[in-house]
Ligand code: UDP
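In structure tokens, the next block holds one chain alone, the form predicted on its own.
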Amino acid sequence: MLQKVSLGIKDIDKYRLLLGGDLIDEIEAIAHDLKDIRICHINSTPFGGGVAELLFSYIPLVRSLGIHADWQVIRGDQRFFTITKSLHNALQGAEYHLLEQQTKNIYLGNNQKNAQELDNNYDVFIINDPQPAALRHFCQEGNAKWIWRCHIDSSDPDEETWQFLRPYIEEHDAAIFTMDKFVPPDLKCSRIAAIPPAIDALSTKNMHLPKAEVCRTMIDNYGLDRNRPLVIQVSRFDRWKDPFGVIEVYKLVREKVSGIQMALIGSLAGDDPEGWDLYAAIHEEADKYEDVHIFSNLQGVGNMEVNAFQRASDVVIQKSIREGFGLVVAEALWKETPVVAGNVGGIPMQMVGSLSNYLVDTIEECAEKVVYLLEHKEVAEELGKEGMAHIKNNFLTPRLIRDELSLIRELVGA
């Protein structure tokens, strides 16, 4: 059998104090219609990256509604995950030549083997991203509904890769994308929905921490100076996040702001072989500068530490080149920390109004905006408040649960 991630139950009623009762009442009504339904999310890793981050909170909150919800993780060797990383990149527009039959056979063979090990005693399967996208093809028995959930900006995919994956995706009963513009125009699926991700405001990563006492003390413990400006980027070690561009931003900012410190904080996941090589390359570049620091889960930097870094920072950067959504943008704004981010993918959904003035396209523009916020603390503070309000109203987990359960209710005809 596939690995099931062991999770408990989190009380969604705690969100009533934060969001009021109307949304929670609506969710409970939908859940009542779905009583006794069995839902299973499937992805490729139990830690690292946005999907695992989402499911870690999503599943326990759905369970609190009386719905049986599980999370299974597929298996694969290094060859498989090297291929699926390339598929992931290709869906975001990177060129990838998939013509070799052996490559296709490895991908499909791993999906077939995982399908044979899948616990199929569910009414709804939600398949996350390209790694397990062919599972449905090898699970023809049963009456379950299948949903493919794409967390990637697939608006301009590599054509060869897309045409390989498309038939397997079209076997699903529905497909979910972060936004409408991510849907490839030739996708023929009976139901296509646009549902952006969300963050759990009550999780360890996003819960309130006293900034002065806890957060500053925690960053002191990592060798940073609480009395000097700090700019960070939190992301997977991935070229789409432009980590080397972030270091270039630091080099420009330090010419204008004395004592500036920068930290790149990330995690390494089991389904991302590229991440290890990139982690080493980023370290090599960062080591050239005394005030550029690299932190990861390898050094014990977990959710609580990320929370503290995001709260203690003066500015958070998310200089993505392509981005499905960018949960870390929502996390930073939720903590009232101003963000300067790449004007790509789902990030502009999160940065509206005055926040949109800090969407950037170049290294120089990013550095300019960072310097401005460091020199204008009152502007930074107002942006933080505006950002928190926008995230609260649009991108917290109960809204995501409502939207996905509504789609499931529609599919199963409850």
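These figures come from a predicted structure and were not determined experimentally. Residue indices: 1-based, along the sequence shown.
Beyond what is shown, the protein has a form predicted together with uridine-5'-diphosphate; the following relates to that form.
Taking the partner from elsewhere, Asn303 is found to have a heavy atom lying within 4.5 Å of uridine-5'-diphosphate in the model of the complex.
Put simply, Val328 is close to uridine-5'-diphosphate in the model of the complex: some heavy atom of it is within 4.5 Å. Looking at Pro46, you'd find every heavy atom of it more than 4.5 angstroms from uridine-5'-diphosphate in the model of the complex. None of the heavy atoms of Gln261 is located within 4.5 Å of uridine-5'-diphosphate in the model of the complex. Annotation: in the model of the complex, residues Lys10, Asp200 and Pro398 none come within 4.5 Å of uridine-5'-diphosphate through any heavy atom. Partner contact region in the model of the complex: 320 to 328, out of 75 to 83, 183 to 191, 210 to 218, 320 to 328, criterion any non-hydrogen atom within 4.5 Å of uridine-5'-diphosphate.
Out of the listed residues Lys145, Arg136, Arg236, Arg149, Arg236 is the one that sits within 4.5 Å of uridine-5'-diphosphate in the model of the complex by at least one heavy atom. This chain is displayed alone, yet in the model of the complex one of Val253, Ala175, Ala312, Ile265 has a heavy atom within 4.5 Å of uridine-5'-diphosphate; that residue is Ile265. Counting a residue when any of its non-hydrogen atoms is within 4.5 Å of uridine-5'-diphosphate in the model of the complex, the one hit in 168 to 205 is Lys205.
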